[in-house]
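The chain below stands alone, shown as structure tokens; this is the form predicted on its own.
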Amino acid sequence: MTRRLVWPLVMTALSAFLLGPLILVVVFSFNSNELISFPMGGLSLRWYHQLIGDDAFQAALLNSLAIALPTAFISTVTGALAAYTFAEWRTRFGLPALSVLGLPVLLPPLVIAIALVVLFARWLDLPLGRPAVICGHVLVTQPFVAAVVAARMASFDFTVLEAARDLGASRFQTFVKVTLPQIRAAIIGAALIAFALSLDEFIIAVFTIGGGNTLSTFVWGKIKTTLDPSINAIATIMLAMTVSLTLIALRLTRYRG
């Protein structure tokens, strides 16, 4: 009986340890007091209204969207095509090739950030900015897209492609009319995952952004100077966006045959 109770207690303690700070962040974002502490002064949208009128926050949000959208698009196109190509090979080389594509995920983001700074600033003599951030984000989001699409392609029936080609369809027509409808949900879900990852990424962004801020670097800058509930409001907005995008992506990528 005791052994049966130990594991649920351990899991409850771990869940409270992991989720407790997130819950407090959301709760304090609605705190009317300027201090992040109990007792709370009452529920208020004061800090969200303050963010709406903050030009620095608006610039950081637009910067994040201007980086995350191209990142998601490039990662989705290249990652999906890579996964489709490797799956179409149907040989023992497909999985190793896909594994090589995922190597950036295994590297520390700090190493990727330093490498990008050296590449743009030293070798190419180009200024740091959005293009550098997008390149770095594509490196770390593309493998996730490829993995999601490859998982869908693992159960794909390639005989229907051969049938379409036998009936006179070109390679492009076969992809658009036969392949794409069957893997569309996985591609959309993978794109949402790439967007969410880019939106939250911090280390590569802080090294390569040059001038300006993304949401993550904006929060870091505010924490270094002050600690007010507006930071909790930003974190709550980012948490809501990330969780909602992830849930939609998981829903779309759950293939049912």
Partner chain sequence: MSEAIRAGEAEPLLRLSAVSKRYGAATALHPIDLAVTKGSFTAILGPSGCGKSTLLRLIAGFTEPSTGSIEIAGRDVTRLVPEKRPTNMVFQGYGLFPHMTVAENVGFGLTIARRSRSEIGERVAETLALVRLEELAGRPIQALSGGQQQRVALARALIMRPLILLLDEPLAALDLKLRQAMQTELRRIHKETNGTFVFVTHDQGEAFSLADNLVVMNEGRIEQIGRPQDVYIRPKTLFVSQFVGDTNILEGTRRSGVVELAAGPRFASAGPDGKVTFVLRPETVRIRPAQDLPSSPIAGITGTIEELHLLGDGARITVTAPEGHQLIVRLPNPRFGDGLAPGIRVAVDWADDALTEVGAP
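Positions refer to the first chain, counted from 1. Please read all numbers here as calculations on a predicted model, not as lab measurements.
The same protein also has a form predicted together with its partner chain, omitted here; what follows describes it.
- Annotated contacts: 173, 178 and 182 all touch its partner chain in the predicted complex [non-hydrogen atom within 4.5 angstroms].
- Just one of 168, 108, 96, 127 comes within 4.5 Å of its partner chain in the predicted complex, counting any heavy atom, and that one is 168.
- Here is the short version: of 164, 112, 134, 187, the single residue with a heavy atom within 4.5 Å of its partner chain in the predicted complex is 164.
- Looking at 97-105, 154-162, 68-76, 134-142, the stretch with residues near its partner chain in the predicted complex, meaning non-hydrogen atoms within 4.5 angstroms, turns out to be 154-162.
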